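Here you get one chain, nothing else, as structure tokens; it is the form predicted on its own.
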């Protein structure tokens, strides 16, 4: 299947700083692709180059096989949903969604059945009943749906999302994750999502690219990156890791027992987190290991002697 979006060898520098350094990846049709990494890693600059707000110093960007690197933003079949949603406060929900279509009609001169298209996308994002409300009358999740509708109504080849859930409170973020992924599946539009939240990327994306200091460290499925990271950076960024004797092991893979195989240690703390307990064990050699245990299975407390072990199949052995 031909990629809908290709970024090849993209480089972008600013005075005294190379923000993006030879980034290459592709997004397949209908795919939700996440570009993830810490602040300053270059992910937002990469997104801005795809959108046309920045021009690469080197490299090529193609959309459905056609170069778009030098095209202005309005000439690219991509649309961006920004962190703050950028809704017009003086327009209704319908007015916000219609806005881009009106500009498109003026620019192209083509006849557009605007009402039918707007109605269809408002129904898709479940905002038809609130079409006459203004942004200040909407919740954070509803504002996001309007921002998505405003972009989707233009029928882009790729929808770019810049930290799409960062403006929502933690509980709402988890709810909206599922809604956003379901919407992407219904539309069939390829989504490229930029986020610093590894849990967001792992739970939503079909493929994930991890960036660090302007470079791509690794690209793959969420499971592949979490279970078989190629570098220590990828392993640590995507979740907590215990490094013991040069081998990494995730806390959920560490088993605790009062006796049996494994290494002996002293429980230093057992932090109750609702459905799980994080148990920190100081091994006899002085190393510390954290185990994540289901709350109902945790039978130890600070001061207890336990043995820790894990399966060889759960070990993480990065190349660098």
Partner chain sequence: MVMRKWFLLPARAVMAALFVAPMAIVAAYSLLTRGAYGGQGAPWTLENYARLLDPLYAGIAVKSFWIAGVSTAVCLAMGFPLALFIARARSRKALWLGLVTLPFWTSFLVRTYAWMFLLRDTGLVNTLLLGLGVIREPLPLLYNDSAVVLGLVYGYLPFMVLPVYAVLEKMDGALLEAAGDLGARPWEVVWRVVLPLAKPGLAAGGVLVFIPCLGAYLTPDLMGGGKSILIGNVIQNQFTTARDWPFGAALSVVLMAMVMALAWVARRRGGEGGLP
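What you are looking at is a predicted structure, and each value in this text was computed from that prediction instead of being measured. Numbering follows the first chain given and starts at 1. Rigid core here is just the name for the largest C-alpha set that superposes within 1.5 Å across the two forms.
There is another form of this protein, the form predicted together with its partner chain, and it is not shown here; the text below is about that form.
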Which residue, 218, 195, 184, 79, is the contact with its partner chain in the model of the complex, using a 4.5 Å heavy atom cutoff? 79
Only one of 51, 257, 283, 278 comes within 4.5 Å of its partner chain in the model of the complex by heavy atoms, so just point that one out. 51
Only one of these stretches, 198-206, 222-230, 120-128, 92-100, has heavy atoms within 4.5 Å of its partner chain in the model of the complex; which one is it? 92-100
Examine residue 154 and determine whether its closest non-hydrogen atom to its partner chain in the model of the complex is within 4.5 angstroms. yes
Using a 4.5 angstroms cut-off on non-hydrogen atoms, would residue 84 count as touching its partner chain in the model of the complex? yes
Using heavy atoms and a 4.5 Å limit, would one call residue 73 a contact residue for its partner chain in the model of the complex? yes
Superposing on the rigid core, is the CA of residue 134 displaced by 2 Å or more between the shown form and the other one? yes
